[in-house]
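Taking the form predicted alone, here's one chain by itself in structure tokens.
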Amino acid sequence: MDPRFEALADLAVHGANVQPGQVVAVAATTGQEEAARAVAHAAYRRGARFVDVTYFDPWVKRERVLNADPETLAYVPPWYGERALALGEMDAARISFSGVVSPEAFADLDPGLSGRDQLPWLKETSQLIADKSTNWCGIVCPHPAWATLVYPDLTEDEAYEHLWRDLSHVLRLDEPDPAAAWRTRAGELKRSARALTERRFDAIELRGPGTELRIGLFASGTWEAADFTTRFGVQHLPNLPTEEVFTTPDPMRVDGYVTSTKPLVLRGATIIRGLRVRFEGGRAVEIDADENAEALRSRAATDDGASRLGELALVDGHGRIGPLGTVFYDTLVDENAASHIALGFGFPFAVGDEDRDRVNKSGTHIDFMIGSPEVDVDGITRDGERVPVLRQGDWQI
């Protein structure tokens, strides 16, 4: 086994904080088998009771989009969701891999049709997150096909090695003690989150090229960062890498327009470039793009909350991803290079009891990047005062 996968797996198991006796569910894509086996090895060594690996095959999804009745594309067999909820009932651990494996699988498909099938995403996943019923970690996984997408001017072998170097850097695997390095960075992010929470802004405004967007916040809202704690007290890092501080905005108070600063890649590798969205009264009323806008329009129509926001995340310029200046075509990496928003479900644990029922309860969650050094971020107080929050990637609070 490539020892780099062993290091990646050790970090994934550390991030999820797998406990002795836990069932560990691993979600992978075909082509990520070596990483899945490495996680099984690391999890069992840590005392896992059982490691259950499921594989998503993008080429099977391609056949469905090409040949199935379009009216059936949103259907998900009930046992998929039942399995997810069963993991929550048993306080299981979850580890999932992101990263492109088959970028060509959906390249020639009707984006409106491919957008109807949200697999491998399950709406029940949002319930697991909201309930804090599993300790989990999503982590990037290098693959040669992903590497050639990111570095098209290199040979496949050169690109693969370059991707490993970059991802090892952003994952802090190049540190003598990656776990300690993440504890340090998590502390920095949580300090920024506390500073934002203490200001109790009524709204956040983003202004830059192609963007003038005002996002209302809940009065009881808090800003979160870096790590979560389950309902049974297990602290874990839900995403690796992570460079964001985030909150759940008021889904009824979003107005203005925004232009994405990086391509959005939907699960399965449909790439949406040049995305532009206009909001009125909280709802995305116009979705346009240079490529594949219909794919996001389809996702935004899946339920009533899918066209409203569930997350606002701010990213400073002091992480390890943004300074690389690389578009990775993977949301887990790219969203931690730039401030972003997400259509779909929000996080009820980021608001007080009085606002919990107002949090977006959509069954989908789609992040897209809207930040850059040219985008100014201001906090708006309840008295209407405008307070600088981010300038050129530097915190102002």
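It should be emphasised that the depicted structure is a prediction, and the values quoted were computed from it without experimental measurement. Each residue number is its position in the shown sequence, starting from 1.
Although it is not shown, the form predicted together with a further copy of the same chain is what the next lines describe.
Student: Taking 186, 191 and 257 together, does each of them reach a further copy of the same chain in the model of the complex with some heavy atom inside 4.5 Å?
Tutor: Per the other structure, none of 186, 191 and 257 touch a further copy of the same chain.
Student: Does at least one non-hydrogen atom of residue 33 fall within 4.5 angstroms of a further copy of the same chain in the model of the complex?
Tutor: Contact check for residue 33: yes, within 4.5 Å of a further copy of the same chain in the model of the complex.
Student: Does residue 233 make contact with a further copy of the same chain in the model of the complex, using a 4.5 Å heavy atom cut-off?
Tutor: No.
Student: Residue-level question: is residue 119 within 4.5 Å of a further copy of the same chain in the model of the complex, judged on heavy atoms?
Tutor: So residue 119 counts as contacting a further copy of the same chain.
Student: Does a further copy of the same chain come within 4.5 Å of any heavy atom of residue 44 in the model of the complex?
Tutor: Judged by the heavy-atom cut-off of 4.5 Å, residue 44 is in contact with a further copy of the same chain in the model of the complex.
Student: Based on heavy atom distances of 4.5 Å or less, which listed stretch (368-376, 328-336, 22-30, 351-359) is in contact with a further copy of the same chain in the model of the complex?
Tutor: In the other structure, the partner sits against 22-30.
Student: Counting only non-hydrogen atoms and a 4.5 Å cut-off, give the residues of 61-80 close to a further copy of the same chain in the model of the complex.
Tutor: If the 4.5 Å heavy-atom criterion is applied to a further copy of the same chain in the model of the complex, 61-80 yields 63, 64, 67, 68, 72, 75, 77, 78, 79, 80.
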